[in-house]
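Single chain ahead, written as structure tokens, the form predicted alone.
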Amino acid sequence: MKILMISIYKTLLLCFFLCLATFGLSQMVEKSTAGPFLLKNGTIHTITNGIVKGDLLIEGMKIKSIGTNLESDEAKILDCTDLHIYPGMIDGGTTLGLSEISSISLTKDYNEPGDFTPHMEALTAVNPNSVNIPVTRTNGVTTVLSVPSGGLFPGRAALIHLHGYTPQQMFAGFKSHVLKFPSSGKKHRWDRRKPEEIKKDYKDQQKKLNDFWKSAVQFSKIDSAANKQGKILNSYNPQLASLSDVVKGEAPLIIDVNKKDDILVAIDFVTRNKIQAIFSGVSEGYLIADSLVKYDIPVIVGPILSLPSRTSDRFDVAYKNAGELLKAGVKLCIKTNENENVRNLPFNAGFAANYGMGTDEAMKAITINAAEIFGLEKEIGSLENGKKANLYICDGDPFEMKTSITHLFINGFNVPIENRHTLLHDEFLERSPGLQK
């Protein structure tokens, strides 16, 4: 009887997925189209050079010109009267492309076993066909940092544009190793460890980190000496070798750290080891903002739409954090730390704007500031001649939920505003043939 029930269950499950597949094939999915494109009579929010009322010409992958009365015999004309043109939003920390359904482990590919896997590349695991990517694009997000997680050194994060058939096509030009800095507190609200257990675990993790870093530094010195002599090391260690550029100060290290005391320890760690660091998370950064300014450490703040880290905190601590850091003079951008809901990036920024940042600075935090932190300010983050044509057209304030994105461009391609949500909406809005009486 049990075997029969299992067989029936498997058959029903197979039928369910076949129905889904059939339904999916019945949907018409548009293709992205290449330009040139001439966006006429729009309100152009350049971010770096104010607001311009006029035209924007896209040729190839880049913005050719911004001005008034622009003309092109070859370009497809888009009338942007009463519409706004913004640079594409950049999310500073997600698992987009590395996970499909957060609640199903089989669809996750953002961590590896072990504490030390810095040689793992997030880019190789990015799924260009993830259904979450078009869902994200619909809200004007064109670029995200896909970040691995797991042990102390889970791998190297990669910045990707949300358009392309392969991870290499999507790669935006920035990678960074990630360090999950040891936490001196509880890992989450359901952490049932006793205080002495937490203290012991923290000391053990700190020792592991310091010992591993010493090994990475030593390996880099030996490897450099061997290269100068034209020799090759007999024993190859991919974990240590992958960190050589960070050890030498040639590449940044993203350090995920949140609690005040841990941030201070992390600052000591990076200054002592002369590491080019970017701090991520920093949920209690507002408490030691002066230290972040003193050591000139940029931060990726978020998620903004979050609960307070301490039960004694006000409800709006997470909302105000970015604004407080900005007032202190910290260079920052914003992350959602999401997968399915990376689309909520503009609303994270909107809350930060309303709780101290202001609209202009919040917009910079998800555009040009992010580009500068990732070293790509000459390519993305604002609307300027010669920059990549990553932009969107909308009918209002991007931080307002009622605003609709009418057109989206990534690397100069006009990408359809279409995803599984819009397809379901279109399918069931007008049901045909519907129920027959």
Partner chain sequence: MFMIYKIFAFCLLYFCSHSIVAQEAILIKNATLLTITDGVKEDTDILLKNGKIESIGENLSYGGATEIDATGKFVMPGIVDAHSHVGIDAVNEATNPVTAEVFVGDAINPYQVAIYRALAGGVTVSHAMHGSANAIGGQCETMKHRYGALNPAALKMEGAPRTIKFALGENPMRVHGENKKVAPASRMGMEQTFRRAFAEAKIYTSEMEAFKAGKSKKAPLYSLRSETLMDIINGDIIIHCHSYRADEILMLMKVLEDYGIEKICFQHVNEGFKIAPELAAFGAYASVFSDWWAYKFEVYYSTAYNAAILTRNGVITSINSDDRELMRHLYHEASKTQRYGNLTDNEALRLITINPAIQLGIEKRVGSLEKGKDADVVIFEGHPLSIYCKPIMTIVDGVICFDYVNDPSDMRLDIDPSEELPAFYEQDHDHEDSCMEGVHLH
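Remember, predicted model here, so these are calculated numbers, not experimental data. Numbering follows the first chain given and starts at 1.
Separately, the form predicted in complex with the partner chain exists; it is not shown, and the next lines address it.
Establish, in the predicted complex, whether 305, 313 and 343 all lie within 4.5 Å of the partner chain, using non-hydrogen atoms for the distance.
All of them do, each having a heavy atom within 4.5 Å of the partner.
Since exactly one of 273, 309, 242, 220 fits, which has a heavy atom within 4.5 Å of the partner chain in the predicted complex?
In short, 309.
Looking at 225, 131, 77, 328 here, can you tell me which has any non-hydrogen atom within 4.5 angstroms of the partner chain in the predicted complex?
Partner contact (heavy atom, 4.5 Å) among the options: 131.
So in the predicted complex, is the partner chain close enough to residue 169 to count as touching (4.5 Å, heavy atoms)?
Residue 169: no contact with the partner chain in the predicted complex.
Would you classify residue 185 as touching the partner chain in the predicted complex, given a 4.5 Å non-hydrogen atom cut-off?
Contact check for residue 185: yes, within 4.5 Å of the partner chain in the predicted complex.
Looking in the predicted complex, any heavy atom of residue 113 within 4.5 Å of the partner chain?
Judged by the heavy-atom cut-off of 4.5 Å, residue 113 is well away from the partner chain in the predicted complex.
Please run the contact check for residue 353 against the partner chain in the predicted complex: heavy atoms, 4.5 angstroms, yes or no?
Residue 353: yes, in contact with the partner chain in the predicted complex.
Given the stretches 290-298, 242-250, 255-263, 207-215, which is the single one in contact with the partner chain in the predicted complex, using a heavy atom cutoff of 4.5 Å?
Looking at the other structure, the answer is 255-263.
Which of the residues spanning 316-333 lie within 4.5 Å of the partner chain in the predicted complex, based on heavy atoms?
316, 319, 320, in sequence order.
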